[in-house]
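What follows is a single chain, given as structure tokens, in the form predicted alone.
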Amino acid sequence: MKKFFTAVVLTLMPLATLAATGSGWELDRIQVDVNDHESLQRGARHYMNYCMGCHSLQYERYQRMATAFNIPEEMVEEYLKFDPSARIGDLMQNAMRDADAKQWFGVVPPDLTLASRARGVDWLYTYLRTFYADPSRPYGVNNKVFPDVGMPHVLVELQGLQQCAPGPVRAANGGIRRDPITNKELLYGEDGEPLNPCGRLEVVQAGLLSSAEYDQLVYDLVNFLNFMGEPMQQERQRIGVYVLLFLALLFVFAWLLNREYWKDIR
């Protein structure tokens, strides 16, 4: 019975991964680290340079970012705060008016303070890496995990421009369809047409960064958003260790007390 349930779980895991995106594109997995201050500092820099113009962080303050990331407040004032009227203790809001945003984008760009908690870090990481050329869209790009996205690819100069390429096809059990003889992925049908015309993305116009460098930039950015979504993670984890130690100690006394109660009955 145990082997049966293990087999069921392993079979359904790929399907659950696909369903998580809502688009059939498998999410890339990352492990964020809120203790990596260098990554968080780089993520803050990337966010302020490329995202803050449209997406605010209105539930957090500049001062918290400075304190948590070990950034001197004067550096935040000079390099990470572009609104001269904002003070170090103010909420991180941008200067874009909602009326202008609706006129330019059709909708007000969402605040991203809680984006990591709403979408998950894997979704954000994959989203920022899966923009591709689509001339039918207003900004000339689309996204694999957010079909018909209304956002331009603001990092295209860094990543480069990607386009669709034939990719693998999922079988009914969630695995990759393969040739029964060669065991190679089936990319084309008997008529020579791609079975999945946009199953992979390939860079056709190089950006300023290599693939590894861009992945690191996106990781730092997502790591930053993950922290801003729950700044108390470090404190929660620290307290959690003490709670578990207390429960372990309490278990010892509870076990001894239980043995004392039942020693005469047994």
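Numbering starts at 1 and runs along the sequence shown. Keep in mind that this is a model prediction, so the values were computed, not measured.
We do not show the form predicted in complex with heme C, though everything after this point is about it.
Asks: Heme C is absent from this chain, but in the predicted bound form, do H55, L124 and F146 each have a non-hydrogen atom within 4.5 Å of it?
Replies: Yes, because H55, L124 and F146 each have a heavy atom that approaches heme C to within 4.5 Å in the predicted bound form.
Asks: Indicate whether M151 is a 4.5 Å heavy atom neighbour of heme C in the predicted bound form.
Replies: Yes, M151 sits close enough to heme C in the predicted bound form that at least one of its heavy atoms falls within 4.5 Å.
Asks: Using heavy atoms and a 4.5 Å limit, would one call Y59 a contact residue for heme C in the predicted bound form?
Replies: It does not: once heme C is placed as it appears in the predicted bound form, Y59 has no heavy atom within 4.5 Å of it.
Asks: Using the partner position in the predicted bound form, report whether P110 sits within 4.5 Å of heme C, counting heavy atoms only.
Replies: P110 belongs to the contact set for heme C.
Asks: Any chance C51 has a heavy atom within 4.5 Å of heme C in the predicted bound form?
Replies: C51: yes, in contact with heme C in the predicted bound form.
Asks: Only one of 188-196, 72-80, 111-119, 162-170 has heavy atoms within 4.5 Å of heme C in the predicted bound form; I'd like to know which.
Replies: The contacting stretch here is 111-119.
Asks: By the heavy atom within 4.5 Å rule, which residue out of V141, L128, V156, A86 makes contact with heme C in the predicted bound form?
Replies: Of the listed residues, the single hit is L128.
Asks: Which residues within 167-200 place at least one heavy atom within 4.5 Å of heme C in the predicted bound form?
Replies: Heavy-atom contacts within 4.5 Å come from no residue here.
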